[in-house]
Each structure stands twice: as structure tokens, then as C-alpha cells.
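Form predicted alone, single chain, as C-alpha cells, below.
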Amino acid sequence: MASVGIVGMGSYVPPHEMTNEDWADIVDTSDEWITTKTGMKKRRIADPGVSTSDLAVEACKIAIEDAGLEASDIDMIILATSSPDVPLSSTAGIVQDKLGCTDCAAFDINAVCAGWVHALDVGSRYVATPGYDNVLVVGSEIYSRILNWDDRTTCVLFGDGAGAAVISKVESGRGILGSWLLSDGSGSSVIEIPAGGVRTPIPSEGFVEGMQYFHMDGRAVWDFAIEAFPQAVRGVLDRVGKSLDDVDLIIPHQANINIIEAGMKNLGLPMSKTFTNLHKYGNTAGASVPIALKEAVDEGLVGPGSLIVTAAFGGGLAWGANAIVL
């Protein structure tokens, strides 16, 4: 199969910034509590009237330009999101229309916070076979709209944003070496929005106010994530025949600084081998990995020839990793 790699990247976060102090004016919390428990200081919040597709489009425009392409060159759009514009049709289709990609396929993937890692794997398989030369892989989320702003255990954790990558065929020796993906549906209720689907429509006999918002079992997520993160990193490296010593940088899902520190300790690696920006943006769910990857490259932490592992974990339960040589 042909070598497939990232040839352009883009990211976008809304201009409105919300600090820990701002949250302390809304719910019973404090800057000290949020910082200690999560490492987060700020996050970006989308303005009313702005949709997930709007953030995605801005990130995609930057990625397409970075790749030296035009919108008409894109053959497929894969959008990872768990906060779509509408339940149906796909937000990827809306993005396609807004970008003016008139002759391409478009569909959504929902693996929650692990969505972009899954989407990158799917996209790479299309590019490696005939028919799809340039695939746009996007993660875009507006979690501020699906949170209960009265629930201090979840509302302070998330921010809005989007990240995108154009993947195309590249020279042998670089690109996406492989992926490692796993799910455990028995934990689907650990992270969920209980109502709004066909199981519990809004309204319905079983609907209770508040079920339409994001719910999370924090302890169960911690227990899952501190094991899933290092497992995914080891899994993908074993699959592509690389070792931890070969890795230049790990880009983890930006869920919580304490989870990342625990995972890096499990791997026996220093924090200098990872990149975090959750102090600026909070947890942007399926957008966090591409946003962080773009910033790490922009800051010169990695460059051509660097081996990067992108790893994510989230609702589903779903987790996974990609091994990429820039």
C-alpha cells in the first residue's frame, strides 16, 4: 500500500475566552480547585449562532491552504464530532457545502474524544487505495452547548474548537505508519448524553430534565483513562515495530493534566516527551489532538522525520493511537 501522511494542518478556536475566575462567578468552584484537579486555566467558548461546522470550516481552510491545495482538490471529508450541528444529516456534509468542496464524499465519525484518532486511521486507508487522493480529517466540537452549566463537576472542563489535517500520498519512509484502536461498549454509560436519541426522546415518558446534557462518571473515567492512554501508545508502537525510545513526542487527548502525568509515568517517560495545551483551551473533546498536534509543529517541537504518537481516549468507551512520521 502507498505511504500516506499529513501534508497540511489547521486549527481554530473561538475568540471568546472564559477563565477559571469566570466559572467561579457561575458555580461553586475556584481557580485553585480547577487548576489542581485538571490543570486548566482557560477555555474558548463559541458565540451564540456559531455551530460546530463553522469552527470546522475555519480549521479546514487553514489546513487546505497549508497543503497548497484548493477546496476542489478534496476528495473526502471525515468529521469527528460528538456535538454535531444537528442529529441528522451529517455535519461533514454541512462543512462540505460551506467549503465549496463540490465533488467529494463527506461523513461523520463519533468516537467522542477519541474521534479524530479513529478518523485519521479511516482516512489513511482511503488515501492508500485508488480513488481518493486528498482526504480532510477534521475534529470539531462545541461542548459548551451540551453541558449543564449548573453541574460544576463537568461544566468547567470543556472548551470549543476545531483541528484539521489534509492527508495525501507521501514518499516512502514517512507518513501514518499505523493505528491501534479499541472499544468497550460495556462502559457506554460512563460518558453519555442520556436523552435525545431514540431510546429516550425529548420529550418522552422516561425523560427527566437534565438528561439532555453531558453526563460523566468522573471516577470511572479516571480509572479507564490512566490505563487506556499508555495501553494505546504501547499498542500502536508494537503494531508498527517501534519502541518508546524511538518516539520524539506524544500528543495525548487533552482531558486532564493529572491523567496525562499518570499515563506518562506508566510509560516511564518524562513530561518533556509530551505536549499539552489544556491550560489554554480546556478539553476540546474530538478536536483536542489535532489542535495540539498543530501547535506542537508550529512551536518547532517536532519537524520532518519526527516520530509522533497521537493517543486519545473517551466515551464509548473508545481509545486508540496513531504512529506518524512527519
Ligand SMILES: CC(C)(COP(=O)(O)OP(=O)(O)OC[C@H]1O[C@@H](n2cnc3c(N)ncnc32)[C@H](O)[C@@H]1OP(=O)(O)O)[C@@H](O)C(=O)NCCC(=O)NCCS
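A quick note: this is a predicted structure, and the numbers were derived from the prediction, not measured. Numbering starts at 1 and follows the sequence shown.
A second form of this protein, the form predicted in complex with the named molecule, is not displayed here; the remarks below concern that form.
A.B. asks: Quick one: find which of 254 to 262, 65 to 73, 295 to 303, 50 to 58 has residues within 4.5 Å of the named molecule in the predicted bound form by heavy atom distance.
C.D. replies: After filtering at 4.5 Å, what remains is 254 to 262.
A.B. asks: Would you kindly say which of Lys242, His215, Lys98, Arg152 lies with a heavy atom within 4.5 Å of the named molecule in the predicted bound form?
C.D. replies: For this set of options, the contacting one is Arg152.
A.B. asks: Can you work out which of Ile142, Ile77, Val156, Ile176 has a heavy atom no more than 4.5 Å from the named molecule in the predicted bound form?
C.D. replies: Spelling it out, the residue with a heavy atom inside the cut-off is Val156.
A.B. asks: Is Ile191 one of the residues lying within 4.5 Å of the named molecule in the predicted bound form, judged by heavy atom distances?
C.D. replies: Residue-level check for Ile191: yes, a contact with the named molecule.
A.B. asks: Can Arg219 be called a contact residue for the named molecule in the predicted bound form at 4.5 Å between heavy atoms?
C.D. replies: Within the cut-off, so yes.
A.B. asks: Can Gly314 be called a contact residue for the named molecule in the predicted bound form at 4.5 Å between heavy atoms?
C.D. replies: Yes, Gly314 is a contact residue.
A.B. asks: When the contact criterion is heavy atoms within 4.5 Å, does Lys41 count as touching the named molecule in the predicted bound form?
C.D. replies: Heavy-atom contact with the named molecule at 4.5 Å: absent for Lys41.
A.B. asks: Using a 4.5 Å cut-off on heavy atoms, which residues of 95 to 134 contact the named molecule in the predicted bound form?
C.D. replies: The one in contact is Cys113.
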